[in-house]
Ligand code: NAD
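Next up: just one chain, as structure tokens, the form predicted on its own.
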Amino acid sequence: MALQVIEPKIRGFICTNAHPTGCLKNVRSQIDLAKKDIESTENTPNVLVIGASTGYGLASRIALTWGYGTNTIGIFFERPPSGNKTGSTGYYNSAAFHQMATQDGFTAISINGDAFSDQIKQKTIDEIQEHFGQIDLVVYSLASPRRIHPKTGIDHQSVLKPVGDSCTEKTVDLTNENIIDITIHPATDEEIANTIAVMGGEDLEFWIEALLSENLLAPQANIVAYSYIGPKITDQIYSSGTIGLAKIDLEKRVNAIDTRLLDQINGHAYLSVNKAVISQASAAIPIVPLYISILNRIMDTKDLNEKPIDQMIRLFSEYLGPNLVPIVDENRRIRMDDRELRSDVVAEVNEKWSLVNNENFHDLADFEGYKRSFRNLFGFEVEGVDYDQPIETEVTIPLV
């Protein structure tokens, strides 16, 4: 037993602990949104979610399980609790997912390890062969700052920098909560290459090659990888920056995978461009927290805002669900960011962005909501949780 009172350890965009009860309630609330009457079918779909413990990956797993009754195998790399140290938020999310999936009678298998590695790919193959036979859908939702290349052993680390020219723009200092101007110098060629190696599409290609070589993708199986483009405000640091080049690489490889799948199994690969959401990854990107704070206030006012679970419910009910042919743009992208980039939303964001300063910051941006949502990610400030109550931190996941 490891009963303790847990207080958040947060500095800027980093939180080093998590609250199991808060994470449990977060997962339960997502499940409540995803639940619907599931029609029994002779063949239950089998889904592999790579990056399954937080954000869009977790939301995908929940939406598919409680919305469609799918069997899932989830891959994640999370820190279990140890002594007085709590587990990571993704660890507690996954424990909560398993607890409720078991209660509701769903089949779920989880593997905790480095999805970039050949070892975890082989372990996943073994589990699919033993329990599922073939996979009908692969969801690729990895977000990592580093990747040890499985072939070369090189430790690639990504950077969040502009390309070509320096970038000077407004941002919010997450420690002092002041609006400041920040100048970010351009990435070197080596930094660009490293970021593409981590966040590009090579690893997805390795996954698909491994699955195809073992005949583990069912006829007409689909692949969906998640990406982001964003508005002009974040262009220099995001879509035209190092991370944007990595996402371009991902998209090129998704299109190449689509051609191969169509030829071999009559399947498809898609890129889903999702909405900007609050996450530990997005909080680390300069400019983005201020942008999201302004964006959320406007989208909330227009009743347009979506959390990851809302986006994933919409993705699978309108685009990638059973018997659906996805509607894509001219570049074959599924545009889940359609509401974020609606012309009236963009116009209002641009107007408030031009005006925002330290005096009007809290009037134009919902930074209090941003902070609350950020803490919610780690199970803190969740409604209905008694944070003065000592709780058990030693939670287990039935890992294979």
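Computed from a predicted structure; not experimentally measured. All residue numbers are counted from 1 along the displayed sequence.
What follows is about the form predicted together with this ligand, which we do not show.
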Exercise. At 4.5 angstroms, heavy atoms only, are Leu33, Arg61 and Thr70 all close to this ligand in the predicted bound form?
Worked result: no
Exercise. With the partner removed from view, which of 180-188, 325-333, 222-230, 152-160 is the stretch that lies within 4.5 Å of this ligand in the predicted bound form, judged by heavy atom distances?
Worked result: 222-230
For this session: Indicate whether Leu48 is a 4.5 Å heavy atom neighbour of this ligand in the predicted bound form.
Result: no
For this session: Answer with yes or no whether Met199 is in contact with this ligand in the predicted bound form, where contact means some heavy atom within 4.5 Å.
Result: yes
Exercise. Taking heavy atoms and a 4.5 Å cut-off, does Asp114 contact this ligand in the predicted bound form?
Worked result: yes
Exercise. Is there a heavy atom of Asp136 no more than 4.5 Å from a heavy atom of this ligand in the predicted bound form?
Worked result: no
Exercise. Between the options Ala101, Leu261, Ala143, Ala218, which residue brings a heavy atom to within 4.5 Å of this ligand in the predicted bound form?
Worked result: Ala143
Seminar exercise, completed: From Lys121, His268, Arg297, Lys275: within 4.5 Å of this ligand in the predicted bound form by heavy atoms is Lys275
Exercise. Considering only 231-249, what residues come within 4.5 Å of this ligand in the predicted bound form, judged by heavy atoms?
Worked result: Tyr238, Lys247
